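One chain follows as structure tokens, the form predicted alone.
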């Protein structure tokens, strides 16, 4: 099974990016210790050349992290026919104890990677690189998550064995299951639906305030994080059932299939982009007092708020279409 193209791509890609990450972390420690933009010494010139290299390498590394989340889910979905009882990625991830922890770590890594790329982009816009130490301290904080994700993912993929009996998504995402998810699914559907659309409205309104008036950045960032959690919850409890047209089917992975128009991929992307752009606007806000970033950061925050608004608009269009044009009527439920 290790020769499956998706598994090979994930294992080799993760091994390569982990190696590059360790190198960048090593260089990051040297830059943190020795960086002095006022110095014209040979060592400083060497560090300046290295920081260009490290920034470029990390952009590729973290860019791969963002893409690998979708590759991981897609690979898990394509492997499902090999396991007895699996209907989609939900069953494949449940084959051993590493599947769902790997997925959670990948989501966390994607969010952290996106934030680092935003901080790095902001720092590169200033001539004196005022965030050089900040972004490398952030890199050292992100590195353990990425290395842990690589290890757990390898444990899951290398531990896969064909014809293992696993649980289907109908069992894992069921109200009758004895899990925390079952307690969540037991919440009133209308309440979950209202909370989801309310979080979108609030986030978009705060994003519009940042875009037009450059005000309420922290509120926008906090709302984006809450909206991210609400969106994931709503995808499982509310949105998915309208695409399946079955009130008991809450799987977040079956909507990746062709019979549902692969609608899960743009949904996932919209949720992720909205979270990263909203959180990123708040992460860089404390640095507005730096002279070289005083005019740069508001422009970046304006761009991030626009990206968030567009991502949430896409989310509303897809979710709204699924709810409004579904043949499922929830009046009887």
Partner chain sequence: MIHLQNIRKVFNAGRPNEFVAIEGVTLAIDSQGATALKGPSGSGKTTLLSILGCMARPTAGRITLQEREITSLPERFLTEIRRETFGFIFQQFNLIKGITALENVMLPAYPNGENYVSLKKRAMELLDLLNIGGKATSKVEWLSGGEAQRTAIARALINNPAIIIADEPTAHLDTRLSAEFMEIMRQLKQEGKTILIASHDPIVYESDVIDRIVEMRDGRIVSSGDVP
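Residue numbers count along the first chain shown, from 1. All of these numbers come straight from a predicted model, not from anything done at the bench.
Below, we refer to the form predicted in complex with its partner chain, which is not included among the displayed structures.
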* **One stretch from 301 to 309, 38 to 46, 268 to 276, 282 to 290 that, in the model of the complex, holds residues within 4.5 Å of its partner chain by heavy atom** => 38 to 46
* Residue among 197, 129, 145, 225 with a heavy atom within 4.5 Å of its partner chain in the model of the complex -> 129
* To do: Report the residue, out of 151, 96, 134, 124, that has at least one non-hydrogen atom within 4.5 angstroms of its partner chain in the model of the complex.
  => 124
* **Proximity of residue 26 to its partner chain in the model of the complex, heavy atoms at 4.5 Å** => no
* Asked: Going by heavy atoms, what in 50 to 84 lies within 4.5 angstroms of its partner chain in the model of the complex?
  -> 52
